[in-house]
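Here you get one chain, nothing else, as structure tokens; it is the form predicted alone.
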């Protein structure tokens, strides 16, 4: 028997998504004023990636990190996944913004000069960069004994936009889901609190599910799928389901449309986490990808060709729903019959 708390949420675990969004808005307001003052033309601020017009080119910079997943990965001796995930999170995001990733730099902070840990992270980043076809221009390794107690892994990617892709869904579009490889790199603060409150280790086995295997799964790289679909003019929108989970779909919705999704049964790891943490269904779809790491919208005539591209890249594809007239809402109908409105 496992101890069941009253109810775990991301906020209770220490991450308040509402406050997080407020911090983003604060930073964006300051930077928008600066860009305007300096005369820079910056587009899509607050989206998946912003672009800067310079000498006739649309350039993009994007930064993201692996977060507290590194705590788990270090415990499981799988830090190479942190390097992979760092690249994956960035190339996926910029691709959804219609940007082709070109090169990355990394930033690795650790409390001491741990050569084995650094080698593992860097080798993972190199492996992902090879898969995503991006160059690695170097980076920074910071030894911060009085500031950090674990390992923080962050990457920045530079890319350029070649197409006029607007990343906005239209009424009548079909929503297509692409499978995730697992939890990816979001929600690990909540994952850890749930497991710790039940006195479980990261390497335990529960109901036939190997936690070591599930918690150390890398983040799927979708950039090739998205960029090929954009090049063939097959999609109108692309949403990477990362921090904030299904709320990320709002980035591809006009204020006059809703998206209605009927999602498949999630992988068992998500069901186990929900049960052990007594997490509400609404919260699960605000924090975790629940088995769908990418949502694409396309005209009905493009769906079959789009599905073939996804499958050719080795991923399962799901027809999730459609885009209808509305007010910018995301309506998720779950496998269990719940309806989540975001």
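This one's a predicted model, so the numbers in the text were calculated from it and none came from an experiment. Positions refer to the first chain, counted from 1.
Just so you know, the form predicted in complex with another copy of the chain exists too; it's not on screen, but the next bit is about it.
Contact annotation for residue 45: none of its heavy atoms lies within 4.5 Å of another copy of the chain in the model of the complex.
Among residues of the shown chain, residue 130 is one whose heavy atoms approach another copy of the chain to within 4.5 Å in the model of the complex.
Looking at residue 23, you'd find a heavy atom of it within 4.5 angstroms of another copy of the chain in the model of the complex. At a distance threshold of 4.5 angstroms between non-hydrogen atoms, residue 156 is in contact with another copy of the chain in the model of the complex. Though another copy of the chain is absent from this view, in the model of the complex it lies within 4.5 Å of a heavy atom of just one residue from 71, 209, 168, 200, which is 71. This chain is displayed alone, yet in the model of the complex one of 151, 272, 230, 261 has a heavy atom within 4.5 Å of another copy of the chain; that residue is 151. The three residues 125, 141 and 144 all sit with a heavy atom within 4.5 Å of another copy of the chain in the model of the complex. Considering another copy of the chain in the model of the complex, the lone stretch of 307-315, 291-299, 24-32, 273-281 in range is 24-32 [heavy atom distance within 4.5 Å]. In sequence order, 192, 193 are the residues of 174-196 having a heavy atom within 4.5 Å of another copy of the chain in the model of the complex; the partner itself is omitted from this view.
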